[in-house]
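Before any questions on binding or motion, here is one chain by itself as structure tokens, the form predicted on its own.
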């Protein structure tokens, strides 16, 4: 038997924070690929600490629904899952290359395949592009358009910026958009000045966040000048300093992200069978792996 655990942050304050996690888990559950599928959270129930003990499967694939490698994926989740032999060096990553590490959870007699976060998987690049297609309603969006990939950024975790820059670079290599920039909330270059970084009249802004919440629905729209008060909403596109800004919601709410979760598990050795085809059917045949 094999089980999938999707590990996410959750929130005590925002009831919508866990909605994408539950939606992606439901989509994968419907494929019947895993004998058991569980969601687990840091700030909500069920908590990371109990989830392994609720499973009957001997093989467990844990996929963190986080954007970057760092404190939560390298310290909090392994500690709470009681992965005694865990060491971040097992991922052999420079901040964007974590794949998986296989560990034994002796107290519950299970093999745990601890995967890298979804945010640094190559397939996430395709989810970002899909988000741009969704917000513009144009499946061929790119020519004459700029794309901003926006992350939180923080001086406390250099990997936070690496994930954003990694995907911005991969989109740039597609040669699909006229301009591609990585912008941040808490470090330079800042999203507040988004129009300073683009010559294109149309600019699509995709926040690389897992869930919509305070940052994506309040901070970023006001910082970019889409609205003076987030409570009154904003237009899409919105006119700002001579540019049309197409602001997408958090990339983690895109249904194609379920495909990335499956890709992570498959990379760790999970038998996903035809599940990827089924989730691609749900997402209009798109492949998050780009094949």
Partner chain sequence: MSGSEDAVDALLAAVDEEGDVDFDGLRLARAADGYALETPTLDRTGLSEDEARAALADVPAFVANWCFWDRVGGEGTARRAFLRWCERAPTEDAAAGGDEGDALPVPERHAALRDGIERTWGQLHVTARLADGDAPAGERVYDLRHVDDAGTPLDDLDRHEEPREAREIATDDERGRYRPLKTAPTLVSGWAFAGLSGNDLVATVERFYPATVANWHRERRGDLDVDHWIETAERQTGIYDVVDDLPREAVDWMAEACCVDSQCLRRREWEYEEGDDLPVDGGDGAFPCREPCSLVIAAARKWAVLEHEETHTWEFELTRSEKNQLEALVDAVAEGRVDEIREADVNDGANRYRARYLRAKRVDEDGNLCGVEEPVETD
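Here the structure is a predicted model, which is why all the values come from computation and not from measurement. Positions refer to the first chain, counted from 1.
The form predicted in complex with the partner chain is left out here; the points below concern that form.
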{"item": "Options 61-69, 237-245, 22-30, 257-265; stretch whose heavy atom lies within 4.5 Å of the partner chain in the predicted bound form", "value": "22-30"}
{"item": "Distance check, residue 273 to the partner chain in the predicted bound form, heavy atom within 4.5 Å", "value": "no"}
{"item": "Partner proximity in the predicted bound form: residue 170 to the partner chain, non-hydrogen atom cutoff 4.5 Å", "value": "no"}
{"item": "Heavy atom of residue 176 within 4.5 Å of the partner chain in the predicted bound form", "value": "no"}
{"item": "Partner contact for residue 225 in the predicted bound form: the partner chain, 4.5 angstroms, heavy atom", "value": "no"}
{"item": "Residues within stretch 38-69 having a non-hydrogen atom within 4.5 Å of the partner chain in the predicted bound form", "value": "38, 39, 42, 43, 44, 45, 46, 47, 49, 50, 53, 54, 56"}
